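First, one chain by itself: the form predicted alone, in structure tokens.
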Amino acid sequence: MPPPKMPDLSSSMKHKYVKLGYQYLVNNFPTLLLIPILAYTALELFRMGPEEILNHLNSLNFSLLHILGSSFVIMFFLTVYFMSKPRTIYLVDYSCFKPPVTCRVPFATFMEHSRLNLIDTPKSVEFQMRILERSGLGEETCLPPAIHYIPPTPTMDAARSEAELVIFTAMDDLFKKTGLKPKDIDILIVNCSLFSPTPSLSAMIINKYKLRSNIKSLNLSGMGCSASLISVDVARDLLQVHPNSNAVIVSTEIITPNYYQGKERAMLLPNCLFRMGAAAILLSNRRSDRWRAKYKLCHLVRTHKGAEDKSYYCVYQQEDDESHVGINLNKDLMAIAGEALKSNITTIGPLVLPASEQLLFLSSLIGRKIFNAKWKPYIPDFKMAFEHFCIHAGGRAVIDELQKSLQLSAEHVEASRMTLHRFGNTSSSSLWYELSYIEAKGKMKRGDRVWQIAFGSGFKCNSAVWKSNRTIKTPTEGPWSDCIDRYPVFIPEVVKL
């Protein structure tokens, strides 16, 4: 039997260097074109000498009127440019809620409660066990106190208590980090999808911290797990028309009133994934905040597929046959998410991708349209546009699908997987736990670009691009402070319970 042949490494290495050469040529084409022009101009000026150059300038015969007119035109266009230029939006800092250990729900506790609450439907218990085994969650995720009772007690008071705990804790930490005083808040935006009491959660914050009477406050509900980026978009628009202002965003999901107590499998799934969490974010358009801000907002793209019935109904709050209210997750959810992502990256791609990737994508598109529709479409290499990825930690399937679709490495999705393992699906706030993980690992350098991608009911896919203003030191406090040394951890495909 002949010995196995070694793989042809020379061919793959040649392909790699050809691609690198192509990327360098296309991305730096203007510079490469400018170099010989500048070199030729310098040689000509050197050949002419100072006297001949002065003679040429004197022969132009510029009058004072010409100089003043030209100066006026230049100043006019510069003024128009700077007046019409959008204000830069800075992310000064943010804070994530860290649940107390008393709210921890190990697998054994979760399954014991499930067996006691669903004692008459063992198949539903088995279904939850299979989901939990493959969920990617760890043993330290947390649920609010009302869910720890047997049976759960989802009262209005309990829901308000959870909201006060997660929101006020995150806000207090944000004030401590930034030195912001409550009276200095100009804009307040709160997003919580499923808990919308009267008075609103934004009013609750205003009452707690005695905010100004002229504060611009909004309360967003029903927007799903992508609501945090919707809040950023709303804040950006408000900051464009209100100069020298700041905006505080609070992103959370209140679990207490939305814990499903029925036995429908499609509605039991959220019980296995969703956990406590909240984030408070400070944005500003003040130039004085540029030097202390962590990031600046580069792009934000929102995609809404709600015009299609299958997208609209794929994440749907409803009652089951026994009048238990819950969230029904359709089996086509991942396919719909994939279509929403495709629409989103089609919009954001030209804004962030280097010219080499855009040219390859365009060539592939033209080739499929004109020559052969069966050609495999070219998937742009988004790793050339971003150093870090924050993919919504909605579940293991979501992260797996995006890793495959975007051809990302395990390191690129590490923040998302570890956030899901440590905190579970915290809905809209999960993106900020992931960003905090990257910072806690000391990976955020000056100039690094971060792509946040979130999905939500409706169906929506929203994404934001941030650029780091400085190298961020490893924080001594935060949601990861007591466990970052243990991460990353190995997460098996199946955890036997």
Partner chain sequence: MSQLQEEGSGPVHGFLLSTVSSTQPTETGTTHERTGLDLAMKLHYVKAVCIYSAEAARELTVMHVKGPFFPIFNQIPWISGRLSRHDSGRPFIKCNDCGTRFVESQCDLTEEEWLRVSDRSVDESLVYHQPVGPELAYSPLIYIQMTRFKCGGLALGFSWAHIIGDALSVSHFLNLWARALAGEEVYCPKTTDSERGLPNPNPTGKEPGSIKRVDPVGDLWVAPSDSKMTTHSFNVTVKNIKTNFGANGNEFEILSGIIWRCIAQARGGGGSEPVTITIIRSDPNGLKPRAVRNSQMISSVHVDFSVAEAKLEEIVKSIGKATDERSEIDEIGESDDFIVYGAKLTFVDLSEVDFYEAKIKETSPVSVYCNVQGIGDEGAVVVLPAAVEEERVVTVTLPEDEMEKVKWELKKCGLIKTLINGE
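Residue numbers count along the first chain shown, from 1. Since the structure is predicted, the reported quantities are computational estimates derived from the model, not experimental observations.
Same protein, other form: the form predicted in complex with the partner chain, not shown, and the subject of what follows.
In the predicted complex, the partner chain sits beyond 4.5 Å of every heavy atom of residue 318. Though the partner is left out of this view, residue 313 does not reach within 4.5 Å of the partner chain in the predicted complex, counting heavy atoms only. Using a 4.5 angstroms threshold between heavy atoms, residue 101 counts as touching the partner chain in the predicted complex. Taking non-hydrogen atoms only, residue 108 approaches the partner chain to within 4.5 angstroms in the predicted complex. Among the residues 370, 410, 78, 150, the one placing a heavy atom within 4.5 Å of the partner chain in the predicted complex is 150. Residue in contact with the partner chain in the predicted complex (any heavy atom within 4.5 Å), chosen from 236, 304, 160, 113: 113. Annotated contact segment (heavy atom within 4.5 Å of the partner chain in the predicted complex): 134-142, selected among 338-346, 89-97, 134-142, 218-226. Residues of 265-295 include none with a non-hydrogen atom no more than 4.5 angstroms from the partner chain in the predicted complex.
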